[in-house]
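Before any questions on how it binds or moves, here is one chain, the form predicted on its own, in structure tokens.
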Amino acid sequence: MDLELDYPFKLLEYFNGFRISKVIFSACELGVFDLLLQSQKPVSAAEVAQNLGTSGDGMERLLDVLVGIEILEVEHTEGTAYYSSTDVANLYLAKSSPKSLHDMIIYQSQTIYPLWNTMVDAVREGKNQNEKTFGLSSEDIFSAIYRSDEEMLKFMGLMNSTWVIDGHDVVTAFDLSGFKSVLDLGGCSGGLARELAKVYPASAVTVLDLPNVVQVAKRHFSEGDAAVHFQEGDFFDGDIPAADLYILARIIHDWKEDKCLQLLKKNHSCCPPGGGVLLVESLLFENRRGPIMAQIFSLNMLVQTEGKEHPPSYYMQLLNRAGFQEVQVCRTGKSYDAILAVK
């Protein structure tokens, strides 16, 4: 007998998924995890509320749900509940942790969440919802993503968080030590470039991005790291400097096919024989029936950009059409996979 027919446990879990997300998002935005990390001992809900300027009742309910989903721990002493962080919360949710996903969570909460509220319209219309959500043109997707200095910084924080957890797997998917000059096109905050420079210190690694992005990256994300250089430019409309390897990480999935093909042809003409392109994307299975994360990312591309996620065969065919013959695919088992194409 199908237990779901008797009572829809799984369906109800899915229905409430957005509430769980918002509990974590809200705790991050309020600073709960940072407060608990800095505290040397478990803290009561009243103390947390007082420190963070919230109601005691509201904070207690929020903390109790975080205990329920095993992100926080609780102990009771003389009738009072005292809360503390788990190791996972300290590592990934506290802003001060080197592996913090705080910036990713803020972006999800303040930008992606409102966009997903228009999913019905996106599916009906087959186009992004930047206009309906933010009052911005749906044509120029990065003018929407970079609509203010604050939004640009949020997006760059998202990218930085992404490569903190996924970068190492991506840059070690293939042996890239033979490529002595590497250019990360649209490399944003330089998060992936830094991961690559750590693994391949003999390679010269440069990030090329729009002038305002490069300026913000140098100001907020460079960390005094001389291993990565930044260069201002536009890889669609401007010249691309010569390099042994071009990285396009989370770039191809943003755009329609003709624009992507044009860019890959440009890469092919600029790199020397034996040079290549490393694509970093979330790969669908060939039958498109998973992984679920890649399917969800593809829906996100619908509401926010003009692209989508694809299976490996799509990228291989696109790279072949651009002139690259030798193409290898590596699934990392994490959120992002790698495709290496050599000229």
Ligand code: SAM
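Residues carry their position along the shown sequence, with the first being 1. Since the structure is predicted, the reported quantities are computational estimates derived from the model, not experimental observations.
Absent from the display: the form predicted in complex with this ligand. The rest refers to it.
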In the model of the complex, segment of 118 to 126, 83 to 91, 248 to 256, 265 to 273 with a heavy atom within 4.5 Å of this ligand:
248 to 256
This ligand isn't shown here, but in the model of the complex which of 221, 107, 230, 146 has a heavy atom within 4.5 Å of it?
146
Pick from 213, 176, 164, 260: which has a non-hydrogen atom within 4.5 Å of this ligand in the model of the complex?
213
So in the model of the complex, is this ligand close enough to residue 131 to count as touching (4.5 Å, heavy atoms)?
no
Could you confirm whether residue 200 comes within 4.5 Å of this ligand in the model of the complex, counting heavy atoms only?
no
4.5 Å heavy atom contact, residue 243 to this ligand in the model of the complex:
no
Even though this ligand is not shown here, does residue 236 get within 4.5 Å of it in the model of the complex, heavy atoms only?
yes
Contacts with this ligand in the model of the complex - residues in 124 to 156 whose heavy atoms fall within 4.5 Å
142, 146, 155
